[in-house]
Each structure stands twice: as structure tokens, then as C-alpha cells.
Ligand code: 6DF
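Below, in C-alpha cells: the form predicted alone, a single chain.
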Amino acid sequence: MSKEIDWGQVLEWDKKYIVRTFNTQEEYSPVPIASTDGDYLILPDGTRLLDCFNQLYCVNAGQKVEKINEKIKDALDRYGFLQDAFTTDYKAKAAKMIIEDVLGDEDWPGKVRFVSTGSEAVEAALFIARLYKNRPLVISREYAYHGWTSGSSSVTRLKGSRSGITEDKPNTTPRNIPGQHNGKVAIAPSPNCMRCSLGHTYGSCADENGELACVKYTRRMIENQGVEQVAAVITEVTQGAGSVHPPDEYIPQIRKMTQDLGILWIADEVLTGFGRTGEWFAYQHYGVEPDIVAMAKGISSSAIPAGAVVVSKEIAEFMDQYRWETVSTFSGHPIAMAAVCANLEYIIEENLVEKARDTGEYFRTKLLELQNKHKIVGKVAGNGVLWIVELVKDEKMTPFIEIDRNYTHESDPSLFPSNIIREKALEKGVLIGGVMPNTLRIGTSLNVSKEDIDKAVDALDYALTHLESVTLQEQ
């Protein structure tokens, strides 16, 4: 197929007509992909790149799964488009599968609202929480990423990911979107135990009842705002773009706190859902149940864009009493719903959640071996096929880039250790790196092979050795 495509023409059109993201036009360098296969991206010349970004950590079942694609083709033979006011067998089945087949062991789930993206799922979750509680304020956290649309970006707290623009010149000030971030949002601490923003050390930060300092601070902040003003706390269970894996106590304590105070807990599982952490959803590692879950990405393994919000039985009963005038053209699109059904069937039939759990233990072992070998690896954390590796200068855990997760895009990305690792690992045919300057975020499909894990770890070993040599030269 790639021989039939004039890739020179493709690159010309790409550079001439597309509005850039991440880079200025001058910085931009196109990366053409001819096709995909499993955990690989295939370039026009046939080069295969092992993708440990799993694109945006969203191709849970792997690229181009035949069983999923065939059922999407079947749906195309039946449907063009139907808006969300109509019922299709695919939409009804997708909802049933999420509530019964995926979450059937839990008592809390009530109903599903389908949307098209993760940002939309978060928007809908915020709408529902504020309507249900009739309160304006939502609590988010440092380093949160929840999306790029108005509401979801208001609870996004990564400075470099809030939809503003920045020149490619040093010491320039980012231009934020005027008026976009004026929503009722308060910001709690992230459970970033490696570099606690409250100045604590994990292991000595809990009170006499065992409550972590970051949870206690969140509780006191809510009480200070006025509990009667707060609709919900929204958290990623593991912070995705922010790349923070919480200590084991954190999620149960956040859930208990919200229940004690009578506010909702929204679990943003857009990135962590549908098996990525070795459970269907990451909150299940902690023996808790949320009020609302936002989901996307792995819901269809990104074969077709799809997202959803699942609400508790109590919230579903409340919403059933009202007309809710929210129209999204592509919500419940029959082809997207076919993709959801096919994807969930495939994950269940192939036991991919269990496979990801087992794979996670292999990943853990290999990454801990790298930590023992390389002094610049300060921390390894994660589950399943989502892993975080913190890079440090020394035994004091000094970050290479001091501003760390508070960076914005006026920083020089060529100096980021995560980008240096990415460029070096490419020499071994592996895409691996991260969003944060000092942190690697590693993800694959749920059924990645051990051979490909070994290939990824070997490339990472090679890149870490290079970064260490560069660091020594600078010292």
C-alpha cells in the first residue's frame, strides 16, 4: 500500500495545511506512518517501531485486531449514521456489557451516557455532579490532566497542557485562553510522594489515624471552602500525563473522605480503564467504588473514537426524573458502538485483563533490574501495562529539570531527560519516553509479548546508559 502513496506529496500537504500542536511550524518535523500492527508502527520504508507510548496509552487490544475490524465492517454494511435519540442494538449491547459483563460484580453502577472522547466524558461527569449536588465547586489536583475542552481543561492542572500557546523562544510567557479557566475549581495536592509539595516524607506523613498529609490537606481545604459548596472531587487514579502513581493508602482515604463529607468522587479512568493496570479499572485495585467514572480510549481500543460516563444507581435515578438537554452529534454513533462491543468481546474472550496483570509482574521485574543497574533511575511504579520511571541526578533524588511537572512549553524540550531517552531508544527501534521532563511513562497493549517487553527494556537500558554518560560529562 505504501508504494502506491506519494509520501513526498503527503508530507508537503501536511506541512502546508495542518494547524500544528506541540510544535511551532519551524520546529515541526512530520513522522509518516504507513500502517500499524499489534504493538508496532510501520514507516513507509518498512521500518517497524515498537510503540511503548501505545500511542496515547489507548490501543488496549493492540493495533488492527482482525476480530474488531470485521465487526466494524459489518456495522458499516448496516448503518451510515443515527443520532443519539435513536436506539441501535450496538448501543444497547455496549451499555449492557459495561454494566453487567465488565462491572457486574459491583453493586454501584447504574447507567451509561455515551460520548465521543475522554474530554467529553469528563465534561459530562462535571455537568452531572454539579446538577446532582446542586453545588458549583469541584476539587481537582496538582498535575492533573482531564482533557482540553472548557470544563475538562478547567480541572487540568498541568501548566503545559492547558490549551494555551507558547512561542519557541526562551523566557517567553505562555498565552492562556482568556476566560477559559474561570470555573469553580480548587486545587488539592497531588500524592507525589517522591517530591511532596507539602514538604513531607512518605512513611512519616500520616496522622495518628493514618490519614496521609495530602488527604488531610484536601479535607481541610474542602471544609474551608464550605462543604455545601463542593459537588465532587475528581481524580485520575494514577495520574496519566502528570505521571504520579499514588501510595496504596491514598485512593481509599480519598474515597472515605468524600463519603464522610457527603460529596461525590469522580474517577477519571479515561487512560487507566479497560484493563490497562491489570484490572478492568484502576480503582478496583483499592477495594473502593466511585460515584461517577469517566472512560474512553480503551473502551474501543481507539479503533473508533468513543467515550462514556457511568453513574451510580442513585444518580441514574435522579437523572431519570429530568429532561437533560445535552446533544452531541456523534454520541452513540452506531459504528463507534459496534467498535465498543467488538472490543469488549475481544478483551473478555482473550482474557486480556488477566494477561495484563501477569505481564505487569514481568514488567515490574525487568524495570526493577534497570533501577538496580542505573543510579539515575530513582523510582519505578505502576501496574499491568502502565509504568512510571523517575529519572534523577543523584541519590538525593534531585531532578534533572528543576521545574519538573510545572514546566510549560517555553522550556527547551531538547534538554528533557525523557526526550533524550526517546531519541536514543529510537536507535534501537523503540518508541519510549514521557510527557514530563524527568519522568518516563511506559505503556503497551494488554497482550504485549515478553519478547517485545525485553526489546523495550534493552532499548531503555541502552538509552539510560547514554544519559548517564552525558550526565557524567556535564559534572
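Residue positions are given as counts along the sequence shown, with the first one as 1. These numbers were taken from a predicted model, which means no experiment stands behind them.
This protein has a second form, the form predicted in complex with this ligand, left out of what is shown; the following refers to that one.
Tell me the stretch among 66-74, 422-430, 26-34, 50-58 that has any heavy atom within 4.5 angstroms of this ligand in the model of the complex. That would be stretch 50-58.
May I ask you to choose, among 271, 230, 336, 299, the residue with a heavy atom within 4.5 Å of this ligand in the model of the complex? It is 271 that has a heavy atom within 4.5 Å of the partner.
Sort through 284, 117, 312, 359 and report the residue having a heavy atom within 4.5 Å of this ligand in the model of the complex. Contact check passes for 117.
Heavy atoms within 4.5 Å of this ligand in the model of the complex: does residue 147 have any? Residue 147: contacts this ligand in the model of the complex.
Would you please decide whether residue 125 lies within 4.5 angstroms of this ligand in the model of the complex, comparing each non-hydrogen atom pair? Heavy-atom contact with this ligand at 4.5 Å: absent for residue 125.
Classify residue 103 as contacting or not contacting this ligand in the model of the complex by the rule of any non-hydrogen atom within 4.5 angstroms, answering yes or no. Heavy-atom contact with this ligand at 4.5 Å: absent for residue 103.
Should residue 435 be counted as a contact of this ligand in the model of the complex, where contact means heavy atoms within 4.5 Å? Yes - in the model of the complex, heavy atoms of residue 435 and this ligand come within 4.5 Å of each other.
With this ligand taken in the model of the complex, which residues across 369-393 come within 4.5 angstroms through any non-hydrogen atom? Read in sequence order, no residue approaches this ligand (within 4.5 Å, in the model of the complex).
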